[in-house]
Each structure stands twice: as C-alpha cells, then as structure tokens.
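Single chain ahead, by itself, as structure tokens, in the form predicted on its own.
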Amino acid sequence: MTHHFEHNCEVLVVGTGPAGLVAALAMAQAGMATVAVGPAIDPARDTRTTALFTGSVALLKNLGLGALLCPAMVPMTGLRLIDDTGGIWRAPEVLFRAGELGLTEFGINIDNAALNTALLAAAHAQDGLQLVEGTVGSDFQSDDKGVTVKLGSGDTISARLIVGADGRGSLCRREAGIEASTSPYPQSAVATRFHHTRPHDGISSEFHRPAGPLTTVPLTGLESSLVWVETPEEARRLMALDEPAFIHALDHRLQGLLGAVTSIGPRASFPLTRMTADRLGARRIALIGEAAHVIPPIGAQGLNLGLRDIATLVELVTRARSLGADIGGDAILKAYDTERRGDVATRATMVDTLNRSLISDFLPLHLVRGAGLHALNTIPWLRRLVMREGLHPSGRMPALMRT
C-alpha cells in the first residue's frame, strides 16, 4: 500500500534551476519554512555560462555562497562595443571600463555547472529548506489560508506562498491565471565557448552586426564564452559545420580581436523570443525569472533580472511576516508587481530597441544608433550614466543585493 505524505510549509518554490534554488535559499535564510520542488538536477549537463553584475554577485555572497563560487568567478573589467554593421558610417569603437565608476569590475562570468553545483550543495545544507525531487501537477487549490498542490508522486504540499520559478512554459503562470505577451524575433543564437591565443584582459566584447549581436565574455585563462545571433537559416548552417569550419567562420567574424581561435566546446542553438507576463503575481503565486519575463541574450540581463525579482520578493515577504500579515496575500503580490514592473519593462525595451536597430533596414535608425555610440565615446557623464543603469536600475536596491 502506497503512503502519500502531506508537507506543510510557508513558501513552496516550483523549479530548481538557478533562480529557483536562489529563491529557496533566500526564503529559508529569511526564516521561512521552505520546500523546493523540481526534477533531478545534473549540474554538469549545463555547459553554458552566465554573466552576473555586481548586485547579483553581492546577493550570492550574502547567501553565503562566496567561498563556493569565488574560484569559478571570472571578473569582467570592461565592455567593448564594436560597430560591425557594414553601414556607410561606421560608429567608433566604445570601451567602458569598470574603473571609470570607481569599481574593480562590472561583475563576473561563471560556468553554469559551477553555479548549479554550489547552489545545490548550499540548498542541501540549508536549515529550514527541503528539496523534493518530482513534478507538480496542475489544478492548484487555493483559498484565503493557503494553496495546496499535488505532486506526480501523489504527495501534497500546502504553502502560504508559491514562488513560480518554472521557466518560460510556466505551469505556475497558467495556474495563477496570468496571461503573457510573447513575440518571437527572426533570429536564433548559437552559444558555445572557445579557446584563443590572445588574452581577453577581462573585457567582454559585443559586435553589432545586421543579423544581431555577437558577444564574447571572458572565462578563465585564454578562453571565452560566445553568443552569436544570426538568422535561423544561418544559425542552422553554423550548427551543422564541423569544428574546423566553425572555427574558420568564427575567426573571420572576430577579426583577430582575440588572436586565433584554437578550439571550441559543445554548441547549442535556440530561437530568440521576448515574453512578459501581464502581472507578476496572483492567487498566492509570485512569478520570478523566466516564468515572468524572457528577453534575448543581449547585454546579459536574463538571470540578473531574475535575481532582482528574488531580492525584492524576499524583502516584501520578510516585512509582511514580521508584521503578522499574509505572506501570500494580494497586497504582497500587488506590491511585488508594482516594484518590479518598471525594471522589467525598461530592460526588455532597452534590449528590444538595440536588437531591432541592428536588424532594421531603416537608415535613420542606424544613424541614431551610430550617433549614440559616438556620444558614449565622447561625453563622460553620459558614459557613467549608461554604465550605472546597465549594472542596476536607479532607485532603491533591495537589501540582499547590497554589499
């Protein structure tokens, strides 16, 4: 006879990717009895890397992950923008240096495998946090006391608040009755990592090209990660090339910036799309990360946005709990939506505008973009403003992201 268990907790996190594990750790460390549910994780399977800005790095360190992660963190000390559109007027190359803001670095680049391994180890060791391997079924039951979900195993979990960290096809978003507006781009990205002969000097480089940006981000030693945006047909062609042919194509695109490309890692490809949930919370469910917003991999905004979601939500929930208020109630979810909507909309629009200015045939748009790069090169206060806004939005910084 099978025995089904009933778990009771304050916060249930659905999804155990990086955003889900960070949310679960943060909630448990804030004193919430927390359960995180997701499929089994093999950290080594994820060969991608993630660029994290200073606030995101501070959040991970504030959660006690510094010692685990520091050996795997590669500092990003500069950002180079290169006009490779082949237009009639070539904008000047722009190089932002962290030192201009009095910082040693803009942030770090880290292997997802190292990040996932550290998060998993910390989650297993965290008091007040239980990891449950499994899947969540549809038909969440919620009332004014809490919400109950049934797992694939037949067990049930009841919580005051659900944090939906279950990605772009989010079940939590559907169960909350939240619509999302999605628009695909006529582009796909090819992601990999490669070794090269010339040092990157901690500088991330972004080539602005008519098909979309090609970005290199520093890794340890003479290695960088690559996100190469192309038309879907060209991305398919690049994926089908053998290693020598791909290296030749990449060498041509990088124009000798990092010397010669000597080897590449596994390649992955994915279509570019933009998605924003109409609201970030309803029916005791708060959405974070890609359950709430998906933007193209331009300007390294993805996980950084998700970590700001988490820091904001944890702060609101902790305050509500200390006041004896309902941590999953409408007031909290409305406050969360209000606090995050501006940042999410600004980042999505910023990335969308840059991307569309590259792939558009509209000449005045190219001239405006070129003039913008020229201004960034010559006006110091504008450079500093753009750098600061790029790292984190102006306004209040959640406590978890402060150093």
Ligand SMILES: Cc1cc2nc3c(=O)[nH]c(=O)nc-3n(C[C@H](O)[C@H](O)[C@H](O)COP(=O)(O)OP(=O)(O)OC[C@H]3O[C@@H](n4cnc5c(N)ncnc54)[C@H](O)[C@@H]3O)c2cc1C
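Each residue number is its position in the shown sequence, starting from 1. Note that this is a predicted model, so its numbers are computed, not measured.
What comes next is about the form predicted in complex with this ligand, which is not displayed.
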Practice problem: Have a look at 257-265, 273-281, 164-172, 178-186 and name the one stretch with heavy atoms inside 4.5 Å of this ligand in the predicted complex. | Solution: 164-172
Practice problem: Verify the contact flag for Gly55: yes if a non-hydrogen atom of it lies within 4.5 Å of a non-hydrogen atom of this ligand in the predicted complex, no if not. | Solution: no
Quiz item: Taking heavy atoms and a 4.5 Å cut-off, does Thr50 contact this ligand in the predicted complex?
Solution: yes
Quiz item: Going by a heavy atom distance of 4.5 Å, is Thr312 a contact of this ligand in the predicted complex?
Solution: no
Exercise. May I ask you to check whether Gly146 falls inside a 4.5 Å heavy atom distance of this ligand in the predicted complex?
Key: no
Quiz item: Even though this ligand is not shown here, does it sit in the predicted complex so that Gly15, Ala191 and Gln301 each have a heavy atom within 4.5 Å?
Solution: yes
Quiz item: So which of Pro43, Gly66, Gly31, Pro39 gets a non-hydrogen atom within 4.5 Å of this ligand in the predicted complex?
Solution: Pro39
Quiz prompt | Thr231, Thr135, Thr220, Gln130 - the one with a heavy atom within 4.5 Å of this ligand in the predicted complex | solution = Thr135
